[in-house]
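Taking the form predicted on its own, here's one chain by itself in structure tokens.
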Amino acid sequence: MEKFIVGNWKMNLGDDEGLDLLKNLSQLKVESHTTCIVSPPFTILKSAQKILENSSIFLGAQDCAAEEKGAFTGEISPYMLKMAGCTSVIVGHSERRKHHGETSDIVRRKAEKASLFGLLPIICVGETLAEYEAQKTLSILKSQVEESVPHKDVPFLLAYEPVWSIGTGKVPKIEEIEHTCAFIANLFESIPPILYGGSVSPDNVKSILKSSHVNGVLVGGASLNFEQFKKIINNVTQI
């Protein structure tokens, strides 16, 4: 089965650093059974398009609006992302849900609008530490999944990111990842590719992807470092 590697740069790397990293990534050869996507800041998407256009790396975005155009100051529409060379977009990341008050309904509308313009939505779900400790993980995920995925029959990726694991170095036990992703898979008749995100590193990516229901990884901090991200790509393509 095809594997996915998605690098989310978040609000990091300005023009010089970001473009240098993209130039290095553009030289990598990614095996045909693996799709590698990088999602830099909006400000360098057009430059990134030119750098990556003949490479094995696909260009993604970190978010989009739920509308095509209009009076939405500060927003970026899926149409604009498509014109900038993006093939996918992350929606519903926990940082958007927490800091910008995005509901699962908003996430669903963003995913549906993105799909209309040929962008592959990467829909994020995940529980907080308090929810995890209260053993509410599965109920939280059930509601997030059911309310965030498109009502229409369109392709998408689903990324499970326990909020308490993002950037903390804390990773659930492999058995927990397997159990949780199996639960998510069982919510669907037609199962989408499921990614795991949260402190993914070159050292743990192989063990994470041994889980039968995990089809890829959403990488944060390690995607900002060429050598680390290169090792993750190499380790995934060896599986």
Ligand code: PEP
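Small disclaimer: the values here were computed from a predicted structure and weren't measured. Sequential numbering from 1, following the sequence displayed.
Keep in mind that the form predicted together with this ligand is not shown, yet the notes after this line are about it.
The contact residue chosen from C36, L195, A61, V200 relative to this ligand in the predicted complex is V200, the criterion being a non-hydrogen atom within 4.5 angstroms.
Note that among 67-75, 164-172, 145-153, 130-138, the stretch whose heavy atoms approach this ligand to within 4.5 Å in the predicted complex is 164-172. This ligand in the predicted complex comes within 4.5 Å of no heavy atom belonging to G18. Proximity of K10 to this ligand in the predicted complex falls within the 4.5 Å heavy atom cutoff. Although the partner is absent here, H93 sits close enough that one of its heavy atoms falls within 4.5 Å of this ligand in the predicted complex. Residues of 214-230 placing a heavy atom within 4.5 Å of this ligand in the predicted complex, in sequence order: L218, V219, G220, G221.
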